[in-house]
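Okay, so here's just one chain, in structure tokens, the form predicted on its own.
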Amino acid sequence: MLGYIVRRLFQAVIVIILVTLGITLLLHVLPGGPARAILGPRVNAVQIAQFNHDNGLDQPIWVQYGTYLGQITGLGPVLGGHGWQGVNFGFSYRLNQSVGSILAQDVPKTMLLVGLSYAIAIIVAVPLGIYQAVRRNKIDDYALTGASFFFYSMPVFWLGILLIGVFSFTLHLLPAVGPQGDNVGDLFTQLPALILPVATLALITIASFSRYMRSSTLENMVQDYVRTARAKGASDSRVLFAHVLRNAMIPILTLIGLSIGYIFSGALITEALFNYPGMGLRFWNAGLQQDYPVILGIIVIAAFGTVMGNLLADIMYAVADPRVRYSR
């Protein structure tokens, strides 16, 4: 098991290095270079040269990459003999604030939104998929399958607009704008405003997870170990929950890790739609304002979260199915 985790950690580090290398290279393909993109089109040559010198952009590309990697890991000062001074994602000239402080304010809010959506999706999708498998080819299975296809094929922005139209403008039950505040505690004081943003992400995720859970349950219900358990006199509920459930959950564990990137992209649109003050809305506004340090910092965080999600899924997969530890 330890060797399996070490291999996965090594692969995760390689992926993160490649992502950060790609980000460094992207800085040099911006129209007019990073200085003109950050300082604006009216900047003159002297200001560009000074900006490049102050930020090390006049150094060779490999030196710039090493500096950037040292900043986002906090190891640059350590290697220079000054001790660890924390992670540095750069400085936003548009907001006159360090990117690290911006992310520290916004990331917890996005984690709250995504975490609640994930938790609700898993709690609802797993029993829903099992129920559909047990009731396969019945009218309720067909109805739930139709609803799953409806929400699964629905674009995130369109589902959010529909929910706002129905519950905010027609029924006047819920606010059309997400909760506002500087920290996560402020958001908890506005729980009604959380419902629509969370529901927008959760409904699509439930549709996806429940389909996988139904298929996985059906596949396991025809396996030999199920027939053996029934031949020994085990009840249907015991077979389902003591034998089938654990094996049927394995694809869901993998899906949880693999879908983190998709959930983040959905959160970006959802936060922009509901004006939810998280990382997604910040990314949206930074794109409109061409605030590249913020954009790059959020990309690094999103890439790290996606890689860690995949790593967690691999570990959970190995715990659920011990054969994976030796077959990979």
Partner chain sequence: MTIGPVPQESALGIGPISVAPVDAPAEIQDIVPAYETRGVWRLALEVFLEHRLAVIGVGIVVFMVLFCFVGPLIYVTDQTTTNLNNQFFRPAVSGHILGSDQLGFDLMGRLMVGGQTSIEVGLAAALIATTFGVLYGAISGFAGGFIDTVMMRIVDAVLAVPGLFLLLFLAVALAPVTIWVLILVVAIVAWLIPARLVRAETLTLRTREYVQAVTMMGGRGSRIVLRHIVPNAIGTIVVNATFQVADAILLVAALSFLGLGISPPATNWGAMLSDGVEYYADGYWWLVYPAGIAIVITVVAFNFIGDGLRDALEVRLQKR
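Remember, predicted model here, so these are calculated numbers, not experimental data. Positions refer to the first chain, counted from 1.
As for the form predicted together with its partner chain, it is not shown, yet the points below apply to it.
Enquirer: What I'd like checked is whether 11, 284 and 295 together line its partner chain in the predicted bound form, meaning each has a non-hydrogen atom within 4.5 Å of it.
Expert: Yes.
Enquirer: According to a 4.5 angstroms non-hydrogen atom cut-off, is residue 188 in contact with its partner chain in the predicted bound form?
Expert: No.
Enquirer: Hey, in the predicted bound form, does residue 157 get a heavy atom within 4.5 angstroms of its partner chain?
Expert: Yes - in the predicted bound form, heavy atoms of residue 157 and its partner chain come within 4.5 Å of each other.
Enquirer: Decide whether residue 161 counts as a contact residue for its partner chain in the predicted bound form under a heavy atom distance cut-off of 4.5 Å.
Expert: The answer is yes: residue 161 has a heavy atom within 4.5 Å of its partner chain.
Enquirer: Residue 96 near its partner chain in the predicted bound form, any heavy atom under 4.5 Å?
Expert: Taking the distances in the predicted bound form, the answer for residue 96 is no, it never comes within 4.5 Å of its partner chain.
Enquirer: Quick one: of 152, 167, 91, 131, which gets a non-hydrogen atom within 4.5 angstroms of its partner chain in the predicted bound form?
Expert: For this set of options, the contacting one is 152.
Enquirer: Answer with one of 55, 290, 47, 64: the residue that has a non-hydrogen atom within 4.5 Å of its partner chain in the predicted bound form.
Expert: Comparing distances to its partner chain in the predicted bound form, the residue within 4.5 Å is 290.
Enquirer: If the C-alpha spacing of residue 262 and residue 184 moves by 3 Å or more in the predicted bound form, is that a move closer or farther apart?
Expert: Relative to the shown form, the pair is closer.
Enquirer: With a change of at least 3 Å, which way does the C-alpha separation between residue 112 and residue 265 go in the predicted bound form: closer or farther?
Expert: Result: closer.
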